[in-house]
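In structure tokens, the next block holds one chain alone, the form predicted on its own.
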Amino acid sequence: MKTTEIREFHTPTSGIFFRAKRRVLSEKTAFQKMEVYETTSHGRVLLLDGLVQTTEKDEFFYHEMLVHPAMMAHPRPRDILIIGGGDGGALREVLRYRIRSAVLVEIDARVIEVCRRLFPGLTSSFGDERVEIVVDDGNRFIRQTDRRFDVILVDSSDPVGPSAVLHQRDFYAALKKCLRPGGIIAAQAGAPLFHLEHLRKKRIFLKKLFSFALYYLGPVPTYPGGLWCYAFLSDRVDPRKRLRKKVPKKLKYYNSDVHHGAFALPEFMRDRRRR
């Protein structure tokens, strides 16, 4: 059987590859190149502009660690905003809680349409009555909305193309204005192995914006370096202290022990200036 090889380079001389049984989809949307491949080892794999966004085999690592630290640290999350996340994985995790509403803002409608068709395990929550899907630029949405949220999740891609603005100081300052008192932001931040200088610069402005600006870590085997960094941001909530008692059932990675361990950073990432 003829196979196709998918290669994503993380440096000029290293990266990750998959052998795909077939290419399911390849198209240029209004914003990016989108591809879906069927693999034996990882099920279906979604790439945007040549970069792996999600695989059926290991997506739970990323989505659970983006969502649950914030949702478990907030005493009563009712209204949730997700910026990005058109594949539906973050939304699926949010809806494990007794929330009132979840607004998902995705700039590329085709990502939503394709994932609904090809990744049903991720997008089954799109039809939930608590969900509102908005096709818009997340940066524009937060500057125009007068709505306020208990938890905001930034499920962006890397700081290139349409997602570049979602990694800048002005974006986070605008996000903060959309939070209710005691609210929490959690955002994907990148690969410590390859993006360390970016993480250091980002931490400087985040600590000026929020009383609690903490990085935490979790594995994502198919992302660069296999170890991923997230930012936890709040003016009132310290995620290393009290958590809600009941962790959602049927999770594959996250639990309370993982939560506490995730905030213990390795030496090369520690902030020597922290209080």
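Residue positions are given as counts along the sequence shown, with the first one as 1. The structure displayed is predicted, hence computed values, not measured ones.
Beyond what is shown, the protein has a form predicted together with a further copy of the same chain; the following relates to that form.
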**Asked** So which stretch, 231-239, 25-33, 52-60, 206-214, is the one near a further copy of the same chain in the predicted complex (non-hydrogen atoms, 4.5 Å)?
**Response** 52-60
**Request:** Report yes if all three of P75, F171 and A186 come within 4.5 Å of a further copy of the same chain in the predicted complex by some heavy atom, otherwise no.
**Result:** no
**Request:** Indicate whether a further copy of the same chain has at least one heavy atom within 4.5 Å of a heavy atom of H42 in the predicted complex.
**Result:** yes
**Asked** Is L227 one of the residues lying within 4.5 Å of a further copy of the same chain in the predicted complex, judged by heavy atom distances?
**Response** yes
**Message:** My question is simply whether L193 lines the interface with a further copy of the same chain in the predicted complex - judged by any non-hydrogen atom within 4.5 Å.
**Reply:** yes
**Prompt:** Are there residues in 247-270 with a heavy atom within 4.5 Å of a further copy of the same chain in the predicted complex, and which are they, in order?
**Reply:** L251, K252, Y253, Y254, N255, D257, V258, G261, A264, L265, P266, E267, F268, R270
